[in-house]
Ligand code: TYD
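Given next, in structure tokens, is a single chain: the form predicted on its own.
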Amino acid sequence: MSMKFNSKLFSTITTQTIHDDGILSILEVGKQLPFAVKRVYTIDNCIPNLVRGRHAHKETCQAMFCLRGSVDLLLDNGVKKEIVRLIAPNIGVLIKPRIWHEMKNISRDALLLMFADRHYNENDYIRNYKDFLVFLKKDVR
């Protein structure tokens, strides 16, 4: 399945795939994944109508893949919002720091795989949208 995105808010990551008796998807740090991985986690078995995320990171960069099922990923840089629907296990999204993100319309069978370039640090999270907008105004990079 081919998905094409044209966005300034995010970039896609496409794994190398080998089709033989099944589909082997390969993700290598320094090739498809542009950062060294410090944390890996999954999200699955979500209750219906659940919205996850609802935060931004000050410094952490993440990559998100939907290995099974589907999810709508809202990305917001404080000026522009986009929604990308992830439905293929070999296409992921790079979520850069200072991007508000929410996962919506998570299918019951969805299995999300996340990679992060930093260890968990609560101080890296911005969990209130108004605080996020204030942070962006102060953070002139």
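Each residue number is its position in the shown sequence, starting from 1. Since we're looking at a predicted model, the values are computed, not measured.
The form predicted together with this ligand exists for this protein as well; it is not shown, and the discussion that follows is about that form.
J.: Can you pick out, from Lys38, Lys81, Lys96, His55, the residue that has a heavy atom within 4.5 Å of this ligand in the predicted complex?
T.: If I apply the 4.5 Å criterion carefully, the residue I get is His55.
J.: Check each of Ile43, Leu33, Leu75, Leu86 and return the one that places a heavy atom within 4.5 angstroms of this ligand in the predicted complex.
T.: Among Ile43, Leu33, Leu75, Leu86, a heavy atom within 4.5 Å of this ligand in the predicted complex occurs only for Ile43.
J.: Decide whether Asp20 counts as a contact residue for this ligand in the predicted complex under a heavy atom distance cut-off of 4.5 Å.
T.: It does not: once this ligand is placed as it appears in the predicted complex, Asp20 has no heavy atom within 4.5 Å of it.
J.: Going by a heavy atom distance of 4.5 Å, is Tyr129 a contact of this ligand in the predicted complex?
T.: Taking the distances in the predicted complex, the answer for Tyr129 is no, it never comes within 4.5 Å of this ligand.
J.: With a 4.5 Å heavy atom cut-off, would you call Met103 a contact of this ligand in the predicted complex?
T.: Yes, contact at 4.5 Å.
J.: For the chain shown here without its partner, which stretch in 64-72, 86-94, 22-30, 45-53 has non-hydrogen atoms within 4.5 angstroms of this ligand in the predicted complex?
T.: Of the stretches listed, the one contacting the partner is 45-53.
J.: Judged by heavy atom distances of 4.5 Å or less, which residues of 115-137 approach this ligand in the predicted complex?
T.: Read in sequence order, the residues that approach this ligand (within 4.5 Å, in the predicted complex) are Tyr120, Glu122, Tyr125, Arg127.
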